[in-house]
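Quick setup: one chain, the form predicted alone, written in C-alpha cells, and binding and motion questions come after.
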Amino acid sequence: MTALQEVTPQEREGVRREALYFAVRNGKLLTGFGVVAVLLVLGLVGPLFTDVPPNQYGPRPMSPPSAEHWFGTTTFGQDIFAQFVHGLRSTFAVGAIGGGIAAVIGMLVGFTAGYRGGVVDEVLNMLTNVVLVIPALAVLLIVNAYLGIRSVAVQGLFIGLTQWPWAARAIRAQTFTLRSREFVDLARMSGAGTWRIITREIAPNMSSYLFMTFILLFGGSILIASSLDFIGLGPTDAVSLGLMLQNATQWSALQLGMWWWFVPPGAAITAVVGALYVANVGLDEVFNPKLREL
C-alpha cells in the first residue's frame, strides 16, 4: 500500500489498536485526562452531597475549613464547597458549549474552504480573517455588559462564535493536503458528493487532529469564561469558579486571610486547563510516531 491509497477498514482498526496501545502507556495523557476526570466527576456528583444552595447565607461567616464546612465559608456564611462543586459544573459546561460551537463552525468553514478552493475558499478565508482580527475579548465584554440576564449557555454561545477562526484555518490547511490524495480522487470519480467525500474520506483521516483541536478550544473557552467571570461579567443565574474568585477579591478575602475562599477555585481552573494541555501533548505523542516514547 502506498501513502496515497485509501486506508482499508482492517488497516484503520490496526491503527486504532496501535494508538490505544501507546495511549494507555503515555504518562502525560493518563495524568491529564485523570485530573480532568476527577474534577468532572466531582462537579457532577458533588452537588448531591451538599444540602444547602451555593448562595444561601449561613450563620457562621468567615469560618475556616471544618467537618461541617469542608472548604469553609465566605464573609456571608455561604458554604464554599457547595459553590465549588456547582462552579465546577458551570466551568465544564461553558467549556463544552463554547468549545463545541467553535469546533463545529471551524470544521464547517475549514473543510469547505479547503476542499472547494477557488472563490468559495477566498470568501470563507476573508470571513475568517475578519473575525480573526476582531478583538474577541472586547466584543465579549460589550455583549456581556449589555445583557440583562447572563447564563452559562449564552456565555458559551458567544465564546464559541468568536473562537473558531484559528481552528478553521488549521483545518483548512490540513484539508488542502488531503484533497489531492488518490483515495479522494477515486471517491470524486465514483460520483460522491462534496460532503460525502469530506465526511467519509477526509475527516476520518484527520480524526486525531480534530480531537486535539477540540481539546484546545475547550480549554480556551474555560479561560475566556473565567476572565469574564473575574471582572464581574459572568452568569447572573449560576455559580462559576471565576465568579468565586471575583467575589473573593471584591470582599477582600486575601487581606482578611481567607485563603480557603480563593485557593480552591484558582487551583481548579489551573488544574483543568493545565491538565487539558498536558493531555493534548500526550495525544500528540500517541498519534505522531516520531514523538512516541518507547
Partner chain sequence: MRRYFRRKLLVYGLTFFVAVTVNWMIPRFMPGDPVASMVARANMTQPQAVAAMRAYYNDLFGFDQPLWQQYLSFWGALLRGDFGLSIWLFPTPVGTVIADAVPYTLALVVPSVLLSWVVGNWFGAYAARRRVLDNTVLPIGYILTATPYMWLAVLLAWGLGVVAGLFPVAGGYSFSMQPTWSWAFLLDLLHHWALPFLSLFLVALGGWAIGMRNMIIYELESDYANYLSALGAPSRLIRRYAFRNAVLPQITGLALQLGVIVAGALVTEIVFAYPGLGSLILKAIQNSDFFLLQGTFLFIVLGVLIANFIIDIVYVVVDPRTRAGMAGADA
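Residue numbers count along the first chain shown, from 1. Note that the coordinates shown come from a computational prediction; the quantities given were computed from them, not determined experimentally.
Although not depicted, the form predicted in complex with the partner chain is the subject of the following passage.
When the partner chain is considered in the predicted complex, only one residue from Leu30, Ala267, Ala37, Val45 comes within 4.5 Å through any heavy atom, namely Ala267. Though the partner chain is absent from this view, in the predicted complex it lies within 4.5 Å of a heavy atom of just one residue from Val143, Leu210, Ala170, Val184, which is Val143. Remark: Val239 does not count among the residues lining the partner chain in the predicted complex, judged by a heavy atom distance of 4.5 Å or less. Proximity of Met189 to the partner chain in the predicted complex: non-hydrogen atoms within 4.5 Å are absent; the residue sits far from the partner. The partner chain in the predicted complex comes within 4.5 Å of a heavy atom belonging to Leu233. Using a 4.5 angstroms threshold between heavy atoms, Asn125 counts as touching the partner chain in the predicted complex.
Per the 4.5 Å heavy atom criterion, the partner chain in the predicted complex is contacted by stretch 125-133, the sole one of 125-133, 96-104, 194-202, 82-90. The putative spot formed by Leu147, Thr249 and Val273 is fully lined by the partner chain in the predicted complex; each residue has a non-hydrogen atom within 4.5 angstroms of it. Residues are counted as partner-facing when one of their heavy atoms sits within 4.5 Å of the partner chain in the predicted complex; in 235-269 these are Leu245, Thr249, Leu254, Gln255, Gly257, Trp259, Phe262, Val263, Gly266, Ala267, Ile269, in sequence order.
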